[in-house]
Structure formats: C-alpha cells, structure tokens
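So this first bit is one chain, no partners, the form predicted alone, shown in structure tokens.
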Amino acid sequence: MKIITEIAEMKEFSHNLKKAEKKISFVPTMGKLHDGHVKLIESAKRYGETVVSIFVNPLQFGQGEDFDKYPRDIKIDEKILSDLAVPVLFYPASDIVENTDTFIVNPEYSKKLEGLFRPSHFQGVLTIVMKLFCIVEPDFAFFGLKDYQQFALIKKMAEDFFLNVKIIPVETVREESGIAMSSRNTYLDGAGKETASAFYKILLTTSDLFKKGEKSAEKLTGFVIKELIKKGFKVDYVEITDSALNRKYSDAENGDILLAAIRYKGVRLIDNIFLS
C-alpha cells in the first residue's frame, strides 16, 4: 500500500490514474477504522482504484467537543487497509486546513437536525470534503447512511457545484447489539453498549408502528421520545422528514426517514431508519 502525505503528490498520483483512463473511488475517513469503514471500502473497490483518506478534521469539531480525545490509531488503520489491499492511503498533514479563509456553507440544510446542536459542524464537513475532492479528484465517493444528513449535504454540494463525482450511499453497519458502527462507540464499555442498544430497538419498534398503520408524525416521534427518556437517554432531537430533509408536520409516508440523536453517559449517538 502506498502512503501519501503531501497534497502535490496525491494530486499527481490522481492525475496519472486519470491519464491511464482509470476511475478513482474515494473513501474519506477520520480513522479508527471499523467494520462500517470496511463496507465503504469494499463498495469502493467495485468501482475503481480506491483511495482512502484519514484526517481528523478540526474544522468540524465545535467548542468543547472531543477533537483532542477523538480515537486515533494510525498503525492499526494501516494494517486494516493493507489487509484490504487498498492501493493508496492519503494521510495529509494539518496544513490541509491551516489558514483556511474560505468555507463551504449550506445555510438552509445545515441548520436542521444536527446543525441545531452543532452549528459549525457541517461547514467544517463540507469544506474538508471539498478540499479532499479537489486534491483526489474522485469519480466516485462513498458515505455511510448512519450520517444521513452528512450524506445528503455532500450530495447536494456535489450537484450544486457540478462536481464530476458521483456520491454513493452505503448502508449502515451495526454491531451485534444493533448499535450503528461509530469510532465513538469506543467511549462506551460493555454495559454502556448494552444499554445503548435500546436506541435502535426503539426505532425499529416505531417503524413497526408505522407499518401497522400509525401515520401521525407527531405520535410516532412522541413515542420515540417517551421510550428514549424511559431508558435514561437525553434526547437532542427526533424527527421524521422526507429523504431530501424537507420537514413534514402531518403524516409520515413510505420512504420518509426517522432521524434521532441522543446522549448517554457523555457519548452522543445518532441513528436513523427509513419508514416503509
């Protein structure tokens, strides 16, 4: 596996792949790789020469968030990528974001859901993804649906700027308990994960209520909130919206998505489920 740390070298490598008429598949990550990342990479390998980036992006962490303690283990990450036969790891230095004065902002969709609780988060996400796209010049880029709002915003950014990259969603990978895979899950011990597993089970139960005929978005979200509080979770938000993240205030429909964020023992968890 080739490890590239310099922007110029990465751009040259991508340029040479383009000259050879090869497609580039790109998986941007913040490292501490898990099975969710593995699924992204396995999906990417079916589309072209795969480039994985690892960069813990300070731009997407707000004041008081966990940038300094965010889990990192580059040696294990390198081993995982090597075992997956990933041809290139792009591991840029911090100067990829230093002295940045220009930011990518979606003022409407960044203020919803996650954006209400992490006001600068999506500005940081969109800015770093745009930077990485400019460097790597991928034909395809892969994002997990656990972070659905992130996926939707990046897809919209690519469309709005006519970027020559197709944004491909990849289904959420879950631990045996049902918790959506996340690097932050390492903050929870065994007992904590067992309790947190109720989060997804409540979403599944709500989906079953929808299938049985309950269409009121207010009643469905109210049920989720009540059940989450009963389990001892602090609820940030629970909302039902369409796949374009345009809110609905009456009845849920097939294809809508139920999104929620909770806090448990200082750990913030997000998850979602499509209603059908």
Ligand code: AMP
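From a predicted model like this one, the values you see are computed outputs, not experimental measurements. Residue numbers run from 1 along the displayed sequence.
Note that the form predicted together with the named molecule isn't included here; everything after this is about it.
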**OP:** Scan K219, K231, K45, H34 and let me know which has any heavy atom within 4.5 Å of the named molecule in the predicted bound form.
**Re:** H34
Original post:
Considering Q150, S110, T206, T127, which brings a non-hydrogen atom within 4.5 Å of the named molecule in the predicted bound form?
Top reply: Q150
Original post:
Does the named molecule come within 4.5 Å of a heavy atom in each of T29, F143 and A180 in the predicted bound form?
Top reply: yes
Original post:
Should E171 be counted as a contact of the named molecule in the predicted bound form, where contact means heavy atoms within 4.5 Å?
Top reply: yes
Subject >> Proximity of L40 to the named molecule in the predicted bound form, heavy atoms at 4.5 Å >> reply: yes
**OP:** Report yes if any heavy atom of Y70 sits within 4.5 Å of a heavy atom of the named molecule in the predicted bound form; otherwise report no.
**Re:** yes
Subject >> Interface stretch in the predicted bound form with the named molecule - options 191-199, 74-82, 172-180, 88-96, non-hydrogen atom within 4.5 Å >> reply: 172-180
